[in-house]
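Following this are structure 1 and structure 2, which are two forms of one protein chain, each written alone as structure tokens.
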Structure 1
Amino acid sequence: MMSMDSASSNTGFAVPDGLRGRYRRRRVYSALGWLICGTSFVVLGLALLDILFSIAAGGFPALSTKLFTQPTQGVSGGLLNAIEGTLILTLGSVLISGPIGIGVGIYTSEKRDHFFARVVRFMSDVLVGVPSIVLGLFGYITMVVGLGWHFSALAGAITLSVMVTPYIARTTELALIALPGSLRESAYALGASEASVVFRVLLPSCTGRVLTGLLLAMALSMGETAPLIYTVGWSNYTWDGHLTHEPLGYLTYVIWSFINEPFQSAHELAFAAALLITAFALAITLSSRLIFRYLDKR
């Protein structure tokens, strides 16, 4: 692209000084903006690399067969109970929140102009901003104490599902809105009912985006600690199948609690738990992107 000065010399027309000065200011502002964005990217990248390096440096030396075959014994032993509890709570929360979130997303996308749909969308956005520890307190008052479930897997899974449902609903809504209107019009023109249009035309067309939202919600629930402290507690034993009246172990509790203990074994378990959580979250994120690309191509 020619500069303002060269363009004026080639065409023979004089460029006003005010326009030339505005053009130079825009170039300066553009360069300054790119400099700020690039610097921010580098700082965030270095911070992420530092976190990953610290976790890997402390976690890899602690990896052993005992870590995956033995439960914790005080501040030593393995992490079998914590790994099992994390998987139970994560899968349980997604099983509860998945159908609810997808249903809410379908309703708010297909009835987006209705008053109640706008209310539901607004309340969902508000719920996203509620601190997770407040949701944990809510779960403690309603389920642990109110219903008498005590610390349990069901109380923790329901609390996590309340936290991640708005994310699933919003992802589903945006996925459906992004579809071209011709899909709906063609299906209705062929005489399809509203339910058939949604479940046989629209949802299959955006399966990748919906699954991505579910997997990202799973990664989000896997990294939570505050809601589980109030609803799940902690246990050094593996799960025996009871949904209520039985606490569970989970990896984020090991990170939060064991790192403050004055024992080397506790610190090793904390770093190993952090490494496992990071690996699980990374695997879920990569899986969501691969699934999205595969289904989007199909």
Structure 2
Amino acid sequence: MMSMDSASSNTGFAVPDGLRGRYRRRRVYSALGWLICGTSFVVLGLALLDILFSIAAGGFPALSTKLFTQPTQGVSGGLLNAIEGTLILTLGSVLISGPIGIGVGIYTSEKRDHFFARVVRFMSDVLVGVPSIVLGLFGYITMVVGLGWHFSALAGAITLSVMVTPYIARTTELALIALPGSLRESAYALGASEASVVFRVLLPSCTGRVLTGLLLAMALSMGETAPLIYTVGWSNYTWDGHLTHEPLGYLTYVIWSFINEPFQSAHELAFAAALLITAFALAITLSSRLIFRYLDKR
């Protein structure tokens, strides 16, 4: 590149000196520009690495089998109750929001020419922007107090599913829209009803993408805290099987409240909980990205 530049300047075009100086200046400015851009990228990358590193540094020493076998006692003990609670809430919210979200996604993609479908899509985009704490208040007013469920697993799972349903609807819709139109046309040409077109032809051909939506919803509801403070409460005991009237422990609560306690054991639990939650959330997000890439290549 450089040799070509010098070669051309030696052999021919008469470039005025002023212009050459200006060109050099432009090259320097460009290099500087990229340097600044690269620096901002590196800063962001380092921030992520530092987050992961400090969580790992605090969390790994705190890992022990006790975490997985004992419930929390005050600010020490294990995390069995919290791990169990997080699993229940996450699975519960995906069980509720999965079918609903996929249904909404089917509606907005298959009826996409209808005006109302556009309205629904817009609403689903806007619902994503409702702060999660507001959903928590909503759950508190309607379920915890209104229906008299008190702090409970079901109230939390439903609140979380209100939060993630728009995401699932959106990914399902995008997955269905990405399918070739000929697939629909040939299915309809064979005389299939709308339902069989959707359930026997369209959905099976984009299972992977719909699944990525569900996985992302899981990662989201797993890492959420604010709406649960108002709907699930906290409990030191493992779940007793009641869906209502019984508070539940969950991992993100441990991170938030135990780090403020002035005890070594509490800090260890907070870091261990952070490590578990971050590892799970990142693993789910990464694997859904990989699935997506694999599907795109196929």
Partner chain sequence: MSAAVIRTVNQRSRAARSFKRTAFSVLLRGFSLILPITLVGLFVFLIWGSWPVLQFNGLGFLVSNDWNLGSQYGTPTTVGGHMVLPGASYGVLFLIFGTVASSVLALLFAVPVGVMAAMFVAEIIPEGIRDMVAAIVELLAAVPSVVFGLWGYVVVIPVFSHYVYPVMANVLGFIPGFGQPVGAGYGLMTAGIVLALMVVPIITANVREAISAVSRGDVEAGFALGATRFEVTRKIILPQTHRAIIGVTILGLGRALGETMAVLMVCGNALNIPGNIYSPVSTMAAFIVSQLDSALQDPTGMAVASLTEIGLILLIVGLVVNAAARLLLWQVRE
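Numbers given to residues start at 1 and step along the sequence of structure 1. Think of the rigid core as the biggest set of C-alphas that the two forms share within 1.5 Å after superposition. If you're wondering where the values come from, they're calculated on a predicted model, not measured in any experiment.
Visitor: Tell me which of the two, 1 or 2, is the form predicted on its own.
Guide: Structure 1, not 2.
Visitor: With both forms fit on the core, has V28 moved 2 Å or more by CA between the two structures?
Guide: True for V28: a C-alpha shift of 2 Å or more.
Visitor: What is the magnitude, in angstrom, of the C-alpha shift at R289 between the two structures when the rigid core serves as the superposition reference?
Guide: The alpha-carbon displacement, core-superposed, is 4.1 Å.
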